[in-house]
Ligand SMILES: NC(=O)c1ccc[n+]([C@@H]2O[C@H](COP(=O)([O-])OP(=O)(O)OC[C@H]3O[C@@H](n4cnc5c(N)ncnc54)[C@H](O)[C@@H]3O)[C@@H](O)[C@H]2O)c1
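Taking the form predicted alone, here's one chain by itself in structure tokens.
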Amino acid sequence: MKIEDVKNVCVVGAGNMGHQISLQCALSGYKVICTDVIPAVLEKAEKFVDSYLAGRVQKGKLTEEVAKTTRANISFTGDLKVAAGNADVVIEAVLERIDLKRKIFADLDKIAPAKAILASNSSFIVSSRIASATNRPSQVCNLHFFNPALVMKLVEVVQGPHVSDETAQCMMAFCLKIDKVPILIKKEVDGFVLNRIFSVISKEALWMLEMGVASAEDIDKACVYGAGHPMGPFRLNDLTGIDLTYDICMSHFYESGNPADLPSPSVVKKYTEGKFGQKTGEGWYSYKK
């Protein structure tokens, strides 16, 4: 697949990441179909798109013509066959569950054209664990966007040992086409690049919190006003989801058996209380107002 051949994009999963990736692609001129098995999620995603475009026009960030063209570029459906049947690139953005992803990729392999690239937005499940569910492993890769996908420029393109150079280069070019800054990761490693670096900061921040060195708010302030981060590790964790942090830690522990990979006591406490961050109204901070 060459970048010139990419015209149609399918995004599987219409949640926060999925619908923003879809909209970013539509803004860049691609025809996009976003799909999800939950009608309420699709409805919410479509409302977000309409609200976002109207808001950007009102603020003078988009012209009426661009907003109208973008809206015409994106559609929503609960039918995977309709969504992926004519796709050149499919981006999966569902829950971080390996069994679910493998099932979806196996289905996509039967539905999407043989030339199509199948990419996963997973932040920690490497594509080599998914590719064997298809008959096109050289066209299966990680394409990791960051939250919020409409704002964050970085996209990690992960070229595992099974991924062809043509696929990797096509995805690098695709990211540039949708106004992102891609980096090519040449080996599959836990956390890829940025999350691997940031996990060290997060672990240290959690240790300081649990040892009573400083509050979550003050640790965040140190990172923002001292290190120049846009937000501290606890505020960021609320944005990405404490439940995701818990799931990632447990996944690493099941693979390694190393107790050091277990989630910290404070993360376990938040997880068992159902305080996942912004999505539940409370995490390290309260968002109920």
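Since we're looking at a predicted model, the values are computed, not measured. Heads up: residue numbers just count along the shown sequence, starting at 1.
What comes next is about the form predicted in complex with this ligand, which is not displayed.
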I183, V189, L100, M152 - the one with a heavy atom within 4.5 Å of this ligand in the predicted complex: L100
Proximity to this ligand in the predicted complex, single hit among L244, C223, L27, L53 (heavy atom within 4.5 Å): L244
V12 within 4.5 Å of this ligand in the predicted complex, heavy atoms: yes
In the predicted complex, S122 touching this ligand (heavy atom, 4.5 Å): yes
Interface membership of V267, this ligand in the predicted complex, 4.5 Å heavy atom rule: no
is_contact(N16, this ligand) in the predicted complex, heavy atom dist at most 4.5 Å: yes
Partner-proximal stretch of 213-221, 144-152, 173-181, 82-90 relative to this ligand in the predicted complex, 4.5 angstroms, heavy atom: 144-152
Heavy atom within 4.5 Å of this ligand in the predicted complex - qualifying residues of 25-41: T35, D36, V37, I38, V41
